[in-house]
Each structure stands twice: as structure tokens, then as C-alpha cells.
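There is one chain below, alone, in C-alpha cells, taken in the form predicted on its own.
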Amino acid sequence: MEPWPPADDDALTAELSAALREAGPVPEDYLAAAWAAFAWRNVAAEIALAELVFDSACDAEPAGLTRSAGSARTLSFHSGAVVLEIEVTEAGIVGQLSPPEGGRVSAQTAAGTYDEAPVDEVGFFSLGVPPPGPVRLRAQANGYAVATTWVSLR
């Protein structure tokens, strides 16, 4: 067994070159996700980014009572005073936008918008079942516009 990394720069360059040649082409879904991320490089100038602060799939349950148990996944996104909370089930996405200003919410993939819905006067909305892969939600209300970070919901 030879030591790693090779002591000789030429041997290291040859090994790295061989690894790159063997990798093959980049899968199409990776390219689509990369282009979608690149398109968002200047999003801060147009819209606030809502960061994921809670995900029931990987975070411990929050303190206090929960309203239901089961297979629903809950996520919470925050951007300053704006909070976007969703529950993902087999039937789709239900959520609430706070502060409740009315408006619209759209769900997007790397390929574009897959569903859009109005937000009622108390901030509730409902969207269809998310497709596999990264999804982001974009909300526009009278006083603000936010977009969530990309997250796989299924």
C-alpha cells in the first residue's frame, strides 16, 4: 500500500487526473440544481431569505404540547419578523404565514413553480404534494416578500 498523499507532486497530479477521468458525466438533476442555485446569486437584492430554524425530521421536538402526532413533518422558517411554518403530509402542504397580510405563496423546484396558492387573511395556505428533490417556498404579502432556503420535503 502506498502512502497517501503521495510525496511526489507528479504522482499526486497523475492520481487526481485519473480520478477525474473516471468520474463520468455530471447527472442532469445535479446540473439543474446547480443552475437554480446560480440563478439565486443576487436574490438578496430582491427578496429576504427565510432560514430554516426547525425541522421535525431532524430536530428534537419543541418544548410544550404538540397538536398532533403522526407522519406529518413540520418545518419553520424565519426572516426577521416574518415566520413561515408548514406541515408536509401525503396530501400536500398546509402552512401559515405571519404576520398575516394576505398575499400569495408559490412552491418552486429547480424546474420552476409547481404550485401556487393565495394566503388568507389569517395567513393560512395550502399547496399540492411536493415533488422529490429540493423545494423552496416564496411568499409575497402586502408588506414583505420572502423565500425559504432550499429543502427536500420528501
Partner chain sequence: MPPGGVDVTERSVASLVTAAAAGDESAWAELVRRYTPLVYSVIRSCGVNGADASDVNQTVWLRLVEHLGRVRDPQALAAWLATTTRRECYRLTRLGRRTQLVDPYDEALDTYHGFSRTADAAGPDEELLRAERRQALREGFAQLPPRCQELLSLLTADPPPSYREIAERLGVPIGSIGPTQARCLRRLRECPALAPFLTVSVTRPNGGDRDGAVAAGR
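Residue numbers count along the first chain shown, from 1. C-alpha atoms forming the largest set that superposes within 1.5 Å between two forms make up the rigid core. Just so it is clear, the model here is predicted, and its values are computed rather than measured.
Omitted from view is the form predicted in complex with the partner chain, to which the following refers.
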State yes or no: in the predicted bound form, is some non-hydrogen atom of residue 101 no more than 4.5 angstroms from a non-hydrogen atom of the partner chain? no
Would you check, heavy atoms only and a 4.5 Å threshold, whether residue 55 touches the partner chain in the predicted bound form? yes
Contact flag, residue 17 vs the partner chain in the predicted bound form, heavy atom cut 4.5 Å: yes
Using a 4.5 Å heavy atom cut-off, state whether residue 26 contacts the partner chain in the predicted bound form. yes
After fitting the rigid core, is the C-alpha of residue 142 off by 2 Å or more between this form and the one not shown? no
